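One chain comes next, on its own, written as structure tokens: the form predicted alone.
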Amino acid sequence: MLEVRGIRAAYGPVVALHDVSITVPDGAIVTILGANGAGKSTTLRTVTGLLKPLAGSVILDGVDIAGKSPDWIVRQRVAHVPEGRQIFATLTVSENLALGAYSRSDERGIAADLKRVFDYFPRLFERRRQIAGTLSGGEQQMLAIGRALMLRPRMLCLDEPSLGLAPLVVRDIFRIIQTINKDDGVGVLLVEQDAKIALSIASYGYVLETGRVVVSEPAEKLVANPTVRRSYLGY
């Protein structure tokens, strides 16, 4: 579904990605691991058009989308759940979800997807008229994912969905990510600091260090890799 080929990206004079290549097969969950500043979020920003690469390609179903505008990429049904959630804090839960479907005009499909989001996250239904900025951290993360699902994405890019959340909430959110992937065939590109939980749901993983891919293996091999175990799994 998605191939990142030889991407080089920078913030001004600082090069953040050096020849990064990543593949997400159709309907797979692929995770990117690495320390802070390794280039994980930059990779997602490049995929979703928030950062234009200096070189390389981002191929989505055979089409190079590198350098396209973020709204054009959204219309190809590529959704991005950014680090820190970035919900619309002064709007209600329902208004946030409605904005997730802003590029769509199929009212019946939008209504069905809204019901599905509420089925995944019953707490959002309970709080649908509540101002989003007053939600708990876990509820805000649910809302950010739900807003992305209102696009009916074929590719979901998730940036640190476990950040700052209680372990029980994290387990619930990752269970739902698996369900979305399995039931709807949505491809998932997951950036996550918690390597253990990321590798438990991913089929393949990449490790970035200072903007370069240093390890790329199936998830079960990464779990057994002594360097990965020592650096990211804590044993």
Partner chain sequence: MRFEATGSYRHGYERFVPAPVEMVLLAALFIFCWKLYGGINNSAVAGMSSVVIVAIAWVLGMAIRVATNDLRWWLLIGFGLAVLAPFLAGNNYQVGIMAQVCVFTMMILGLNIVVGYTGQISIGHGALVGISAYFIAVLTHYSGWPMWPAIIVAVFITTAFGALLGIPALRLAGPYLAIATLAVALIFPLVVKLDQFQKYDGGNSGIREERITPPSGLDSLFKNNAPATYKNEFAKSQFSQQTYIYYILLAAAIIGTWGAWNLTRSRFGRAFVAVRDSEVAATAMGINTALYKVMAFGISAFYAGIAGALFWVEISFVSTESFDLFNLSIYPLAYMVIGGLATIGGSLLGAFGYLWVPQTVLKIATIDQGFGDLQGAITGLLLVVFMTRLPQGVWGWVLGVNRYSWRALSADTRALAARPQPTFWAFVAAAIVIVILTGAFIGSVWSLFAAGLFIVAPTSAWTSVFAPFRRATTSLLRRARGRPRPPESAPADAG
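Since the model is a prediction, treat every value here as computed from it, not as a measurement. Positions refer to the first chain, counted from 1.
The same protein also has a form predicted together with the partner chain, omitted here; what follows describes it.
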Exactly one of P70, P167, G185, G37 comes within 4.5 Å of the partner chain in the predicted bound form through a heavy atom, and that residue is P70
Does P82 reach the partner chain in the predicted bound form, with heavy atoms at most 4.5 Å apart? yes
Heavy atom to heavy atom, is L50 within 4.5 Å of the partner chain in the predicted bound form? yes
is_contact(L91, the partner chain) in the predicted bound form, heavy atom dist at most 4.5 Å: yes
Hey, in the predicted bound form, is S103 touching the partner chain, heavy atoms inside 4.5 Å? yes
Within 4.5 Å of the partner chain in the predicted bound form, do we find a heavy atom from each of D194, I197 and S203? no
Go through 147-168 residue by residue and record those having a heavy atom within 4.5 Å of the partner chain in the predicted bound form; state none if no residue qualifies. R147
